[in-house]
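Below sits a lone chain in structure tokens, taken as the form predicted on its own.
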């Protein structure tokens, strides 16, 4: 089942490319729907009490290099896989309703992008992970450069590719170096399980850690390595932004949990404070920039930087409760930001703009659209009762246990989120309706797509344990190695102090 899930989107994209033009959108949407059904079947079959990986596939691929075709899921990846299929179905279905030019190539690239992203979440061989991680760049290059908006779309695409490709190449070097140093003249193996079982000396971990960290921080993006974000978000088609911001950004955070913490535990402890500072800088910078923007794309983009900062804070607090909250928050943010982008896709189509200073009063004759947008807004600002509130609470409580100063500063981001989220909603839905704009209700197709995302948001608000219960054991095991190093370091420091 796991292999069918992985390759179905690409197969559907190829079939859509070969099908008659009028059938292309339907075939692509059917492929995305099939992937969601398979992901839900995996979730239904997932045993939260079982230790280790489930649905494992392990076959020899390139034996001379020790590369294996290893796939599997655990409590960390299962809901990221489900989220990927949900958001890709939403983006594909919306694109099918508003069929773009050259639909055959467009939907082929969408299918390839989904397969690459699922591969990154499912891969259990380090070189296989790097391959899928790099493969994600190819469809984004064509989707933004070929179907993007504005004259600067090509330059924006090149800028994004340069940033992410540099990080990806550094990660490739780090992956090869890790396998070679672990082998130490013996049989090469890129299996993540083998690399976790044979931890490198601390001096080797330190520089390899930053090679991986660079790739993951750029992908998220984090403060100081976010330079590609604003241009790419302005240029990308809004359905593509659903996948880029809602899913691909989470691969970076997932990489820290899946690879960095268990494989480089000494370096994780060594550079914990640096990553926490980067997380805080991302929270504050993203929040400040979000409420200085008037373009909805950039409000959501800078808000994403802040939210990924919270997720990074949860991971590098090195506490299972905070890391568990980070996993929940990855899913929360993906669903919420997808809702924002699709709502503004509807608004932009009707008004010709997503600049909130040119909008207003759109709720007057569109109560359903207003309610859907209100629920998404409340989740964005993490109002009590929302799933985002639970995720951020887990992260902040974990941070308060060991890193009080960081937690207090991070709380400022929660306050600022309330301002920019409510400002975006107020400027769009209320006030006076500008001359030349017409308020009308959301149509059925987009309403079903956005309504489905809102239903997922509400479900997690009511029952966040759906994720927390299934991710707890895997997250605890992942954090345990780095946490043990932290405890040992504290003990050694205590023994040597006068």
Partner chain sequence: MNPTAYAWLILAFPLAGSIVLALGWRIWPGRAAGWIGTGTIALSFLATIGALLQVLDHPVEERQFTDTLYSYASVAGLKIDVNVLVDPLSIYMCLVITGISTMIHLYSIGYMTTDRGFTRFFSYLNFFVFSMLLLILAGNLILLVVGWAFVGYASYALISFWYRRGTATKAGMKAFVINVFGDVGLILAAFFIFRELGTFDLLDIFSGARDSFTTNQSVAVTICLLLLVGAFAKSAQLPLHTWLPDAMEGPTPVSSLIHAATMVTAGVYLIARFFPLFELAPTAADIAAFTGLATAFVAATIALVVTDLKRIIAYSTMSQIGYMVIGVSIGAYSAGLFHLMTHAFFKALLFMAAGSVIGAMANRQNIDKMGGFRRAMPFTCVTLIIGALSLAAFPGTAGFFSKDEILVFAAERGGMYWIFTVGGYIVAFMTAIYAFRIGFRVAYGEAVEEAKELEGGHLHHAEPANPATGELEDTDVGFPGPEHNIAERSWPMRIAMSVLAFGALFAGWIQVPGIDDVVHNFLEGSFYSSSLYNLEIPNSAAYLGMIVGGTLSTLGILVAYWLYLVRPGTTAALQRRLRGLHGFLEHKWYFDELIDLLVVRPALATGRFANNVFERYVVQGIVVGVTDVVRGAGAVVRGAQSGFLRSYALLMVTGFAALGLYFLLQAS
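Here the structure is a predicted model, which is why all the values come from computation and not from measurement. Residue numbers count along the first chain shown, from 1.
We do not show the form predicted in complex with its partner chain, though everything after this point is about it.
*Asks:* Quick check for you: of 405-413, 260-268, 348-356, 206-214, which stretch puts a non-hydrogen atom within 4.5 Å of its partner chain in the model of the complex?
*Replies:* Going through the listed ranges, the match is 405-413.
*Asks:* Taking any heavy atom pair closer than or equal to 4.5 Å as contact, tell me whether residue 196 reaches its partner chain in the model of the complex.
*Replies:* Answer no; every heavy atom of residue 196 is more than 4.5 Å from its partner chain in the model of the complex.
*Asks:* Though only this chain appears here, would residue 64 touch its partner chain in the model of the complex if you measure heavy atom gaps against 4.5 Å?
*Replies:* Yes, residue 64 sits close enough to its partner chain in the model of the complex that at least one of its heavy atoms falls within 4.5 Å.
*Asks:* Classify residue 272 as contacting or not contacting its partner chain in the model of the complex by the rule of any non-hydrogen atom within 4.5 angstroms, answering yes or no.
*Replies:* Flag for residue 272 set to no.
*Asks:* Flag residue 277 as yes or no: does it have a non-hydrogen atom within 4.5 angstroms of any non-hydrogen atom of its partner chain in the model of the complex?
*Replies:* No - in the model of the complex, heavy atoms of residue 277 and its partner chain never come within 4.5 Å of each other.
*Asks:* Quick one: 123, 180 and 256 and its partner chain in the model of the complex, is every residue within 4.5 Å by at least one heavy atom?
*Replies:* Not one of the three qualifies.
*Asks:* Please identify the residue among 150, 201, 186, 367 with any heavy atom within 4.5 Å of its partner chain in the model of the complex.
*Replies:* Contact check passes for 367.
*Asks:* Exactly one residue in 238, 140, 396, 128 has a non-hydrogen atom within 4.5 Å of its partner chain in the model of the complex; which is it?
*Replies:* Spelling it out, the residue with a heavy atom inside the cut-off is 396.
*Asks:* Would you mind checking 357-384 for residues with a heavy atom within 4.5 Å of its partner chain in the model of the complex?
*Replies:* Residues within 4.5 Å: 361, 363, 364, 365, 367, 368, 374, 378, 381, 383, 384.
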